[in-house]
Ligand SMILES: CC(C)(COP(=O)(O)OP(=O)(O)OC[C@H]1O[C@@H](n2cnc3c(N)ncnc32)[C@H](O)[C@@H]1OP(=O)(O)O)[C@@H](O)C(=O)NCCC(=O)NCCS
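Below, in structure tokens: the form predicted on its own, a single chain.
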């Protein structure tokens, strides 16, 4: 993937220097509040390699988000093919993110997500991009709304990867954005 630049960020593939940060975002209690697991260092190293491979193979994925002015990696933001959601067809494109807490509330996710939406609709030519989160994850659903995504309660689902031992994390809400809706939002913002 060629890096994507936004006003304040560089969205790029993962590098070895990102390993500590990647482990942190996958093991931190606040970051992982809505996930039923925390990853070990070995698990996060393997997952980072998986993310890196997807980006090399597909040209997009859950990419590292770096502060352009400092070179500091703050988490990931990107697009990914998703095949494990019962209410979606295989190959649906999801937008997702995970940042360390000290960078929450600064608009980085919205800024980078807008660039990824443009990439998805203009470069990949997809018709729709979705996002989903645990129903109680109001921080993430607020970002989805800021991006112009719309709730689709008929597609809400119990995530098949969440074990029964965590019933409060099973229910996920679905948000969608069509290419036409994205284009209309861009025109309205002018």
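Since the model is a prediction, treat every value here as computed from it, not as a measurement. Residue numbers count along the first chain shown, from 1.
Just so you know, the form predicted together with this ligand exists too; it's not on screen, but the next bit is about it.
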Select, from the options 64-72, 157-165, 132-140, 36-44, the stretch whose residues sit within 4.5 angstroms of this ligand in the model of the complex by heavy atom distance. 132-140
Find out whether any non-hydrogen atom of residue 145 is located within 4.5 angstroms of this ligand in the model of the complex, and reply yes or no. no
Would you check, heavy atoms only and a 4.5 Å threshold, whether residue 117 touches this ligand in the model of the complex? no
Considering only heavy atoms, tell me if residue 82 and this ligand come within 4.5 Å of each other in the model of the complex. no
In the model of the complex, does residue 87 come within 4.5 Å of this ligand, counting heavy atoms only? no
If you check in the model of the complex, do 6, 12 and 60 all have a non-hydrogen atom within 4.5 Å of this ligand? no
Sequence order please: the residues of 41-69 with a heavy atom within 4.5 Å of this ligand in the model of the complex. none
